[in-house]
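Before any questions on binding or motion, here is one chain by itself as structure tokens, the form predicted alone.
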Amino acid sequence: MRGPILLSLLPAVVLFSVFFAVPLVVLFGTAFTDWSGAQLAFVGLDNFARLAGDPVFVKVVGNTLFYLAASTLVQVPLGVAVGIVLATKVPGWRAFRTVLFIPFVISGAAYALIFSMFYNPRFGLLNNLLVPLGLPQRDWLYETGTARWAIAGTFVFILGFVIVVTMAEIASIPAELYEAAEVDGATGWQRETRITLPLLRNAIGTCVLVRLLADIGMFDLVFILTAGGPDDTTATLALYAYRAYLNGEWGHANAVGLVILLLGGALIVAVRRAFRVGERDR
């Protein structure tokens, strides 16, 4: 009996080993080396000391944290608010849900091309809307004061995932709770803030976790729109590692990958503790 069970698990074990376990071991092992593909030499913590002393690395860490904050503080709260409104079955809620979900299934590359036209300094829609109002024409993606905000503006309004998770969680809340609150004279605002929001804790924590882990490795949007410029104002940790790979500094790049991995692990622990994800309400 154990033979067939082990045999059925074999494909999953092979796939997990090839695409996760082996790359992870290589990442850990080579992050402490000077590796250029042909040569490999152990250098201890030199790669990490070099990262700590590189002002560009400090800048890309700040940029990555900025994008993570944009996801957590704008995208998730906005998506939860829209999800709560749509869950009340307002007229046309199915159409709104579908329209708002479409951007979530568009690839990052296609999304970047759309926004490259939107932000175009000469014929982009944004300048065409703002200039008639008396505001100056700007190159949103290549001015240091606006570039990072312009990048964040491309993804913080992709609300589809958060909306769907929120609505699914609301659908599981017992209707008796709302009926009891209505009998007690609770207003709509009180029902949403004192029943719905507290019971969305797990869903909100899951959305925060998913968005943080998705955006910590952000690459395609930034690479296509600005390639990290101007003056590394929009560069991310993933783009920084990519540049190191192009320069043949594979060990240095894997040290950046290890930093991303550790940062992601710390975020998982922090979010799980903050939202008590997976725990039942007492």
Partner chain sequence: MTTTTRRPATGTTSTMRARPSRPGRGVWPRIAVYAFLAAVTAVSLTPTVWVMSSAFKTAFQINSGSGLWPSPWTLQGFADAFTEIHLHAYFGNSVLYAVGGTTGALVAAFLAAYPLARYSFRGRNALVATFSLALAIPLVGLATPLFFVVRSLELFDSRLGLVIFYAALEFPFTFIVLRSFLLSLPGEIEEAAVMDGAGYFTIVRRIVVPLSRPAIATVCVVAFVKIWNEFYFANLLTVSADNHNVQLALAGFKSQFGFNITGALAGAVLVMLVPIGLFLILQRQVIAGLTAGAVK
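Positions refer to the first chain, counted from 1. Computed from a predicted model, the values in this text were never measured in an experiment.
Omitted from view is the form predicted together with the partner chain, to which the following refers.
Contact annotation: of the candidates 135, 81, 73, 199, the single residue with a non-hydrogen atom within 4.5 angstroms of the partner chain in the predicted bound form is 81. Though the partner is left out of this view, residue 139 does not reach within 4.5 Å of the partner chain in the predicted bound form, counting heavy atoms only. In the predicted bound form, residue 194 stays away from the partner chain, with no heavy atom inside 4.5 Å. In the predicted bound form, residue 204 stays away from the partner chain, with no heavy atom inside 4.5 Å. The closest heavy atom approach of residue 176 to the partner chain in the predicted bound form falls within 4.5 Å. With contact defined as any non-hydrogen atom lying within 4.5 angstroms of the partner chain in the predicted bound form, the contacting residues in 106-135 are 106, 107, 109, 110, 111, 113, 114, 115, 116, 117, 118, 122, 123, 124, 125, 128, given in sequence order.
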